[in-house]
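Okay, so here's just one chain, in structure tokens, the form predicted on its own.
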Amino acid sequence: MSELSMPRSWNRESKPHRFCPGCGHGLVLKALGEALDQLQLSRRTVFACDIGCSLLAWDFFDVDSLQTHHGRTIPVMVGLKRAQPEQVAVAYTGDGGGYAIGLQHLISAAVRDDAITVILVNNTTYAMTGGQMAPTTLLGQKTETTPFGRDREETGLPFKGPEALAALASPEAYIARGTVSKIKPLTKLLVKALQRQLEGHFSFVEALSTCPTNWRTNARETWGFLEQVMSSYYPVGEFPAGAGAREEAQLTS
């Protein structure tokens, strides 16, 4: 099959995305599109997005898509996958939808080893609603609700999703974190995540992303915050799952 005749996941008509200038969502979606194309999954994929900035991706791809209530993208896709197991289910959410209102669903899907792929975009802020503190806001980071910087004594530590899921998920699950500053490695992580879903297991990829609008940063400052500050607290890479299950097996053996 020639490259021109192969089905592509993104819409054939050229159009700009609806995200703010400098936003990393477009790069995450580019990586996802390339991963779907590499595996030739566009005709089997159902893409669901959450409330928040992620909802602007609802018509970005030439695949079946839907949009859910805030924090409910994961259980909706779990239901779809159970009803139509031949479909490839992709749940696309932000750090609010996945780590705040939707955290229970995320953990439950990982523990049950539901065969879906969750992509969570971490830009350390509630971007669409004005830039309030999110579960991933870094210590000392200024937001609309932390004008003097996030205080550990008041709000605790920033949430590390992949690390938490790796301790709770089934050993067969795939857990990883990438960054929009390294698109090819991020694409490879998404390919592995989709392949793990095809094998019948849960997969999760967090993508470190940018939000210059709410960070109030120029291009140099934006990239510096992503590559130096965020990446130092949120290390990229793969996280072996099933630590909790292995501990339990050792205790009972």
Partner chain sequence: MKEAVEGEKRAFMSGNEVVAWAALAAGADFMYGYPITPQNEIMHYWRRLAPEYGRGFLQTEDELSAGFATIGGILSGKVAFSATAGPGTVLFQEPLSMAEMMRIPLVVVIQQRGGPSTATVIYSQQEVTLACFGGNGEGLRLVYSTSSHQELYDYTIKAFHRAWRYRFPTLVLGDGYQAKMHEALTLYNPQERGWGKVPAEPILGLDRKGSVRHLRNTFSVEEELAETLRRSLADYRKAAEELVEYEFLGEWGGELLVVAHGIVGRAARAAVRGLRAEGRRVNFFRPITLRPFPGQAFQEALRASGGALLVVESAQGQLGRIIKEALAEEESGSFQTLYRPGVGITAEEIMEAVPL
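Quantities reported herein were computed from a predicted structural model and do not represent experimental measurements. Numbering follows the first chain given and starts at 1.
The same protein also has a form predicted together with the partner chain, omitted here; what follows describes it.
Undergrad: For the interface check, one of 211 to 219, 224 to 232, 189 to 197, 44 to 52 should have non-hydrogen atoms within 4.5 Å of the partner chain in the model of the complex; which one?
TA: Heavy-atom contact with the partner occurs in 44 to 52.
Undergrad: Any chance 144, 146 and 182 all have a heavy atom within 4.5 Å of the partner chain in the model of the complex?
TA: No, none of 144, 146 and 182 comes within 4.5 Å of the partner chain in the model of the complex.
Undergrad: Can you tell me if residue 75 lies within 4.5 angstroms of the partner chain in the model of the complex, counting non-hydrogen atoms only?
TA: Contact with the partner chain, yes.
Undergrad: Is residue 177 one of the residues lying within 4.5 Å of the partner chain in the model of the complex, judged by heavy atom distances?
TA: The answer is no: residue 177 has no heavy atom within 4.5 Å of the partner chain.
Undergrad: Would you please decide whether residue 86 lies within 4.5 angstroms of the partner chain in the model of the complex, comparing each non-hydrogen atom pair?
TA: Looking in the model of the complex, residue contacts with the partner chain include residue 86, since a heavy atom lies within 4.5 Å.
Undergrad: Is it the case that residue 39, even though its partner is missing from this view, gets within 4.5 Å of the partner chain in the model of the complex, heavy atoms only?
TA: No - in the model of the complex, heavy atoms of residue 39 and the partner chain never come within 4.5 Å of each other.
Undergrad: Go through 60 to 78 residue by residue and record those having a heavy atom within 4.5 Å of the partner chain in the model of the complex; state none if no residue qualifies.
TA: Residues within 4.5 Å: 61, 62, 63, 64, 65, 66, 67, 68, 69, 70, 72, 75, 76, 78.
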